[in-house]
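This document opens with one chain alone, in structure tokens, the form predicted alone.
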Amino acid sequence: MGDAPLTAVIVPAAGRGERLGPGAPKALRTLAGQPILLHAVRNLATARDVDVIVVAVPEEAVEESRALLAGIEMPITIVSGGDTRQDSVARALLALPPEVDVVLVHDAARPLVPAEVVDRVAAAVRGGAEAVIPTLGVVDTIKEVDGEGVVRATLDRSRLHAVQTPQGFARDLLQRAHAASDGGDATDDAGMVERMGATVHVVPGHEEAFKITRPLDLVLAEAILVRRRASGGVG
């Protein structure tokens, strides 16, 4: 790979996906006839600014995942993930080549993220931002509700953003955040660096970068893939 600085994407994919119902780990569930993980990594590999991908999967799925992703023309490393998302990201960080100085972390459960979003995040970090997240403005009215089911406030949605992935970081910052962690299960790497006092910048996300959580999300994702394929795009 040489000594030129590289951008890597870490893909934590060891989650079980209970809300999708019983079956294989979420990333290995089928979307339009192919595993969700394959769609996710294939989309990431089309991004101009991605050089290396590290995927963390359940230990029992390492060989299956390696075979699944073998046809993608991109350096891909498969590692055994941990019990939590945070553990999986930490293990993947250890597998990065030394030349990597920008790290993106992307949920495998967001398999349709457009390459333009990936490149936008990477470019912002390369431009000097410590941490970058793609977001969409909130369109619904948001209420703050207490434990008794009573509305306590209506929040100003103009200041609220729904966060997507990939989230991008200077490698050193992300490593320090994980080293300083209390070992919990952080669902958002940006939150970890925020607690260290780092500034997190926002770039535009995309409606198609939604997270597959429920069976209905699979239906929407399949409809998007049909449209993409009909227009000759990545599917």
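Numbers follow the displayed sequence, beginning with 1. As the structure is a prediction and not an experimental result, all values here were calculated from the model.
Just so you know, the form predicted together with ligand C5P exists too; it's not on screen, but the next bit is about it.
Interface membership of residue 85, defined by any non-hydrogen atom within 4.5 Å of ligand C5P in the predicted complex, is confirmed. Although the partner is absent here, residue 26 lies within 4.5 Å of ligand C5P in the predicted complex, judged by heavy atoms. In the predicted complex, ligand C5P lies within 4.5 Å of some heavy atom of residue 108. Within 4.5 Å of any heavy atom of ligand C5P in the predicted complex lies no heavy atom of residue 227. Note on the interface: of 85-93, 154-162, 118-126, 67-75, the segment with non-hydrogen atoms within 4.5 angstroms of ligand C5P in the predicted complex is 85-93.
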